[in-house]
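Okay, so here's just one chain, in structure tokens, the form predicted on its own.
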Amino acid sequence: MRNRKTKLWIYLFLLPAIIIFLVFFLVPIITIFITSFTKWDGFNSPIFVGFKNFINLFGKAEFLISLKNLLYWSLIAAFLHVGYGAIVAFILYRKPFGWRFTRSVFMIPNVIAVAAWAMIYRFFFNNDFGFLNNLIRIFNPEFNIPWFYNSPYAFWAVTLTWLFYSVFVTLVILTDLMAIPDEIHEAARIDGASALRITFKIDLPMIKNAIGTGIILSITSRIAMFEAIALTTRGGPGDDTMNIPLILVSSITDMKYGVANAASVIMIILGILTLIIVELIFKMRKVEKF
């Protein structure tokens, strides 16, 4: 009887969260999937067109370029972005002099809105009065590159707006590092293990879930990346920095909600695939035992 009452209270507390999930998440997602197979302007009734929206998307050069860009950005995110965040986490884990101050300073970019951060980089890369070009002109007075408007520099300029914006990766990994029992490290030192061996044989295997989580978060952020591109290159020059969210928003502006939702479905599928692949590679469901 007591267990039954306990379960009842648990379900009552969960009910608001379940209702919110159903109304604001599940129903819209189902709607997106259904209307992605329709021609819909948002006002009139949707007209079923089958896979036409998906075929049209994959038939556009800009969409294929956006997939190529996403692949490049995903690889950069998985190796450089997460790698940089992991290195900072290991440095902070060693608690060198000033590590608390460094951690606080490292947090600053994370509390700045992505839109504001994109605008900061837009001025940073400005050809006329930007800090970077003026610094380079000290050594090369003839240097003249409008980073966000010139291929192939625009791609790398956009990449740099988020590449070192990896504090969430650092915090996730640092949290797992601090959760490793000191007894394991002490036992390894007694056995004569060096600091490098402890890092590779103990620390890295025990934080593989945190690294995998960081990769998933980084890649899915690249799938949904909008502000950093919309406020800097708008997908140009040409389609050099085009991505799926820009195509989605453009379709909404053109009152092509079926096409926009087809792009959304592709983004959802890419996110799910990222989750599955990273979980398989890092064997995140398997718990390491020592």
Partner chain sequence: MKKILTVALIILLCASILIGCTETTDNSDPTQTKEKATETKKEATEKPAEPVEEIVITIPHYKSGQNVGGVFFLPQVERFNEMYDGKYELVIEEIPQDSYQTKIQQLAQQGKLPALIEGADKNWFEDIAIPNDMYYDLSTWLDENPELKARTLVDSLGYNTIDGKVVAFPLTVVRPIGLFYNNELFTPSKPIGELSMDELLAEFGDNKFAFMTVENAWTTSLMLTAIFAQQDGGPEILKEGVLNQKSDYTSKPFIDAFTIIQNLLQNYASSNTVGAAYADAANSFMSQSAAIIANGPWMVGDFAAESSDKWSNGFTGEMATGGVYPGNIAIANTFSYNWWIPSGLPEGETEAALAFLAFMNTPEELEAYMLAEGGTAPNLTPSDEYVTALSEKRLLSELSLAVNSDTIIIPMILDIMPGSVANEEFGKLLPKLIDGSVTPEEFATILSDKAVAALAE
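Numbering follows the first chain given and starts at 1. Because the structure is a prediction, the values reported are computed rather than measured.
In what follows, reference is made to the form predicted together with its partner chain, a form of this protein that is not presented.
Although the partner is absent here, residue 255 lies within 4.5 Å of its partner chain in the predicted bound form, judged by heavy atoms. Residue contact check for residue 50: none of its heavy atoms lie within 4.5 Å of its partner chain in the predicted bound form.
Its partner chain is not shown here, and in the predicted bound form it never comes within 4.5 Å of any heavy atom of residue 66. In the predicted bound form, residue 233 approaches its partner chain with a heavy atom inside 4.5 Å. 146 is the sole member of 146, 83, 130, 109 with a non-hydrogen atom lying within 4.5 angstroms of its partner chain in the predicted bound form. For its partner chain in the predicted bound form, the listed stretch (148-156, 85-93, 171-179, 209-217) containing residues with heavy atoms inside 4.5 Å is 148-156. Looking at 36-50, the residues that come within 4.5 Å of its partner chain in the predicted bound form, counting any heavy atom, are 39, 40, 41, 42, 43, 44, 45, 46.
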